[in-house]
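Let's start with one chain on its own, the form predicted on its own, as structure tokens.
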Amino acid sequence: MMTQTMIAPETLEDALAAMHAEPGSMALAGGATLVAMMNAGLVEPNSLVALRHVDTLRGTRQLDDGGIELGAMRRHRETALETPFKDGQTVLSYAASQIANPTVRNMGTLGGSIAFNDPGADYPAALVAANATILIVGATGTREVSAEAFFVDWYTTALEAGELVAGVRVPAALVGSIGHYEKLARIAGDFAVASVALQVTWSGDSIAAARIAIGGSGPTPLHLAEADDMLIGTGADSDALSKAGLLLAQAADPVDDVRASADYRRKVIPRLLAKAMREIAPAREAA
């Protein structure tokens, strides 16, 4: 079925009203994800509600507690290069910088990307590692959902009919923490075969706090508090790191697809985690 109409409201209220008025309508943000899915015949919206004129979904807001709120219409390029992230929050900028290519990063938006929960996308694991909150708006008001709860299943999120992603709140990271995103892809810019997003805080040569999320290896980003805790008090090359990687690999639920087999994804998770820890070593030494 062909899309019949496109509406371009100028206010959030009008956008929500338009989506409520016609069942089967979908919000169009940057279009990088939705248009590709439409071209592939994966979705067939009755109408499109374009959000490009809704200014309240743009911009960045610094919070008094050190957190940052990002509007859903924030472009990937802006998230990668222009957001004043500090400490471990930079896991988001690392992830945004690896999305597709410059053309897509100039067009695609934060809200548009995460609304579809493609397991191979770069934001989901990074948002979980950052312990971010997704801001959702609908006809009954605004609600907040943790990133870990927002990504529900394959291509499924906590969004209900008529709701939109309004933004993302990234909490302040521990002072001195380091954020990093490590991605394995067949070619640069492709969706992840597997990915590791993390925030790590050091006390001397030992890890004082850690939060790890695995992407591309199941229907939702994988986070295990047990794996985080295994690293506390250990170093970057410890046996605990290997054990945490194996624990995450065993808990992963990947599938076979054109990019890799499920077994291969499980094998690379510990290696990606070790590589991510090696990558942040220079930043730790310079801190």
Partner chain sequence: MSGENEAGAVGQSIPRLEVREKTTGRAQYIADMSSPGMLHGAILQSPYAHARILSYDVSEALAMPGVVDVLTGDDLGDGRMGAFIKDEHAIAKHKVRYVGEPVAAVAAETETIARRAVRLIQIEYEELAAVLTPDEGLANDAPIIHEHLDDYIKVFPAVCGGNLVSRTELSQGDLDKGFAEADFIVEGTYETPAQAHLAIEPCGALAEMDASGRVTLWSANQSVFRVQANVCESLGLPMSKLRSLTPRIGGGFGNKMEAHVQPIVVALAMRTGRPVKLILSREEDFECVRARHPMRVRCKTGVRNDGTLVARDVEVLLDCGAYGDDSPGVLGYSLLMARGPYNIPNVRSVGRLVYTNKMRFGAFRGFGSPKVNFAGETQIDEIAEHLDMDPIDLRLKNIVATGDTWMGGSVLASCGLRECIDAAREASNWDQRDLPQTPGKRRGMGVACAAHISGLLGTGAIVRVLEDGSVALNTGAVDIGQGSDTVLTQMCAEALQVPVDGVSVASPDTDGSPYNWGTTASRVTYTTGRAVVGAAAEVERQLRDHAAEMMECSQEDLELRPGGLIGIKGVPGKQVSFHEISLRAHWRAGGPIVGHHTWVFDQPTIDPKRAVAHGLPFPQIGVYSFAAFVVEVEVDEASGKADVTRAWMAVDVGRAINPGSVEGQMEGGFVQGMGFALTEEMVWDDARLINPSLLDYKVPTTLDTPHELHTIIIEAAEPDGPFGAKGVGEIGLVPVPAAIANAITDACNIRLTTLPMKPERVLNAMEQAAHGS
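Positions refer to the first chain, counted from 1. It should be emphasised that the depicted structure is a prediction, and the values quoted were computed from it without experimental measurement.
The following text describes the form predicted together with the partner chain, which does not appear among the structures shown.
- Segments offered: 87-95, 177-185, 163-171, 138-146. Contacting the partner chain in the predicted bound form at heavy atom distances within 4.5 Å is 177-185.
- This chain lacks the partner; the member of A251, L241, I68, A260 within 4.5 angstroms of the partner chain in the predicted bound form by a non-hydrogen atom is A260.
- Taking non-hydrogen atoms only, H20 never approaches the partner chain to within 4.5 angstroms in the predicted bound form.
- Using a 4.5 angstroms limit between non-hydrogen atoms, V268 touches the partner chain in the predicted bound form.
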